[in-house]
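The form predicted alone is given below as one chain in structure tokens.
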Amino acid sequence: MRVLVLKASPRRDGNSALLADAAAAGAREAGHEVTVRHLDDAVEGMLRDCRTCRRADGSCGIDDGYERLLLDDLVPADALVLATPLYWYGMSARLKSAVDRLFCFMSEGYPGSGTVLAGLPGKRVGVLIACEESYRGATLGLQAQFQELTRYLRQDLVGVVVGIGNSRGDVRLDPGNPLGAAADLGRRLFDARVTDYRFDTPRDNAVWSSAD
């Protein structure tokens, strides 16, 4: 399976990057094809008003590498791993811009919107957050945002790993072993059980199938 790991921190050797590398290693260990990208290399502009900056042919008028990243890496991927530091109790600005700009390419005005709309659902998604605070509530708002984003796009949020650290490499010292958890998340991207029951969802009483 194809896995895209997106590093959303401007600090390329920071704690969220270490978490991303661990998840990528886990996914490769499981036999998957893994691509790692830095959002800094592709996303330079923020979302604007498409009515004023979309070109006559319907293409996006923001001239950076976002469209290539979206069409060449993100849409074809079977799973996404999003790694971000916690900035002001939310995701990094670069990752927020990447999410916001999906709108331009999902819109009818974009000539390739059919490809984008068909390629976004069904993906398995893992989230990695580097956070200075050990207070559990610090990342809950961001986790909830990822939950709603994946539900809106009909994707499965497989898991969230939070590593505590601020200075470069701090997550290595986190006694909760977030690097190990990130690697495990990468290994289990396509095996982890994801459920989101409604009252009328057909289901067995047994959560896990028996060994035999």
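Predicted model only: the values in this text are computed from it and were never measured. Numbers for residues come from their place in the sequence shown, where the first is 1.
Not pictured, yet referred to below: the form predicted together with a small molecule.
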Looking at 120, 80, 95, 86, which is the one with a non-hydrogen atom within 4.5 Å of the small molecule in the model of the complex?
-> 86
Considering 35, 166, 147, 59, which brings a non-hydrogen atom within 4.5 Å of the small molecule in the model of the complex?
-> 166
Residue 17: touches the small molecule in the model of the complex, heavy atom cutoff 4.5 angstroms | yes
Indicate whether residue 72 is a 4.5 Å heavy atom neighbour of the small molecule in the model of the complex.
-> no
Could you confirm whether residue 132 comes within 4.5 Å of the small molecule in the model of the complex, counting heavy atoms only?
-> yes
Within 4.5 Å of the small molecule in the model of the complex by heavy atoms, the stretch out of 44 to 52, 25 to 33, 174 to 182, 158 to 166 is 158 to 166
